[in-house]
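Shown next as structure tokens: one chain only, the form predicted alone.
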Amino acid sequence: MTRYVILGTGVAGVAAAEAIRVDASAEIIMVGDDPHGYYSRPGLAYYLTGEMLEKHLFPFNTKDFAQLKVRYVRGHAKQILRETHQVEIEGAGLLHYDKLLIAVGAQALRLSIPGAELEGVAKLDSMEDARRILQLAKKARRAIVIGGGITALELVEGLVSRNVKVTYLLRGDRYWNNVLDEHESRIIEGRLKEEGVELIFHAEALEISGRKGHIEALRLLDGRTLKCDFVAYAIGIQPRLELAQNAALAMDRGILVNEFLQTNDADIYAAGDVAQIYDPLSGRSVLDSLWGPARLQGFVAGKNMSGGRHAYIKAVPFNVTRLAGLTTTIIGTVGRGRDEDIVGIARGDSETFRALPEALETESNFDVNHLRLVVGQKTLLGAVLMGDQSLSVPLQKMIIASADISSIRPTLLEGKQPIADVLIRFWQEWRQHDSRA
């Protein structure tokens, strides 16, 4: 009987267990130190706003795990002993494995300014963090949010929904400036202002001051002091690499894996936020922090661990999120550069979003319905849709399939006809002749 050990209780680990379970005789052991086990990380945003109850964050219950015949070991994995095929679990001794999956995810980077240790400073990285934020929000009157990307906005919206007055600090001159274009940033910022959020640009937090352990104010680099009793931040994430580093596995910014999700040790695999995956679009290994890819990576890794030979082909990144109450879909490559408010990568982000080659852009702008296309020589390279999502699936399929848009490219770039109308006509014709539609 083969013993499979999965380190991590997130979506990648659970998907791997599902894939391995086709082998009825397999022994599957899942190890994790999160007291809540497997829950929906993307759902935490809706938990903060009160739109989702805590119980709805758990897609698997005890019965589901029992059906998978997974043995759960709660504990912290201290080190991997490759020579003896063992993992040392803190407080539980050594655990033997035949095949091992590292799916321990990533952790939020800590705010490193004086006062960051005070009561009333919080990040959003786990269920425990979300619970703590909700407790702090009950007493908070004025909060400051620091950071960029999706998670920072989730913090802003969660606090606003709890009737907390929010000031949002951004280092640059607009929101998420390396993924969104200026018009898209201004749409989000305008909606935040309508909700009563104060935005301060070119702002860098210098120090949090307090009294008797409680926050009173935050001082900016330019000398301004902002009164507050709560500070929340989201400044990026870092893959959990300690285990891989101590085991001398090949690493760059994440654990390097081949197309089979295999590390440089034939019996050890990696998937999810911790893995650095080869991207055929850019020709390099990149980091993703997206729920869908993590699940697929885990499933493919599980198949291969149990004897399969399935290549993981990194798909065009696709993320549907909500920004300032506006449903937003991001597909393919849409931006470039780095975000001053984020160190490395943020949750809900993909480095492929910003691997923009030489291309032209065209867009159609309305107050709440916005469409931007990134147009290559013969194909669409990316798209951003805000509001109306009727073109979301067609655009995803056309971008993934590298549909030849040569016949409509001049019309798209001229901008004399509504982009949506041009795309719908093309989609209707293209899907009749292409099996990938």
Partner chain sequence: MPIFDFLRAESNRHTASSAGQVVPDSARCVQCGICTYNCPIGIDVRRYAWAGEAVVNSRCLTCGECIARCPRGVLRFEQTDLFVETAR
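Positions refer to the first chain, counted from 1. Note that the coordinates shown come from a computational prediction; the quantities given were computed from them, not determined experimentally.
The following text describes the form predicted in complex with the partner chain, which does not appear among the structures shown.
Participant: Only one of these stretches, 36 to 44, 375 to 383, 23 to 31, 406 to 414, has heavy atoms within 4.5 Å of the partner chain in the predicted bound form; which one is it?
Facilitator: Looking at the other structure, the answer is 36 to 44.
Participant: Verify the flagged residues 72, 260 and 276 against the partner chain in the predicted bound form: is each one within 4.5 Å by a non-hydrogen atom?
Facilitator: Per the other structure, none of 72, 260 and 276 touch the partner chain.
Participant: Residue-level question: is residue 219 within 4.5 Å of the partner chain in the predicted bound form, judged on heavy atoms?
Facilitator: Contact check for residue 219: no, nothing within 4.5 Å of the partner chain in the predicted bound form.
Participant: I'd like to check something about residue 191: if you look in the predicted bound form, is any of its heavy atoms closer than or equal to 4.5 Å to a heavy atom of the partner chain?
Facilitator: No, residue 191 stays farther than 4.5 Å from the partner chain in the predicted bound form.
Participant: Would residue 320 count as a contact of the partner chain in the predicted bound form, using a 4.5 angstroms cut-off between non-hydrogen atoms?
Facilitator: Yes - in the predicted bound form, heavy atoms of residue 320 and the partner chain come within 4.5 Å of each other.
Participant: Please determine whether residue 11 contacts the partner chain in the predicted bound form, using a 4.5 Å cut-off between heavy atoms.
Facilitator: Judged by the heavy-atom cut-off of 4.5 Å, residue 11 is in contact with the partner chain in the predicted bound form.
Participant: Here the chain is shown alone; which of 246, 327, 209, 161 has a heavy atom within 4.5 Å of the partner chain in the predicted bound form?
Facilitator: Among 246, 327, 209, 161, a heavy atom within 4.5 Å of the partner chain in the predicted bound form occurs only for 327.
Participant: Could you pull out the residues of 64 to 93 that have any heavy atom within 4.5 Å of the partner chain in the predicted bound form?
Facilitator: Residue within 4.5 Å: 64, and no other.
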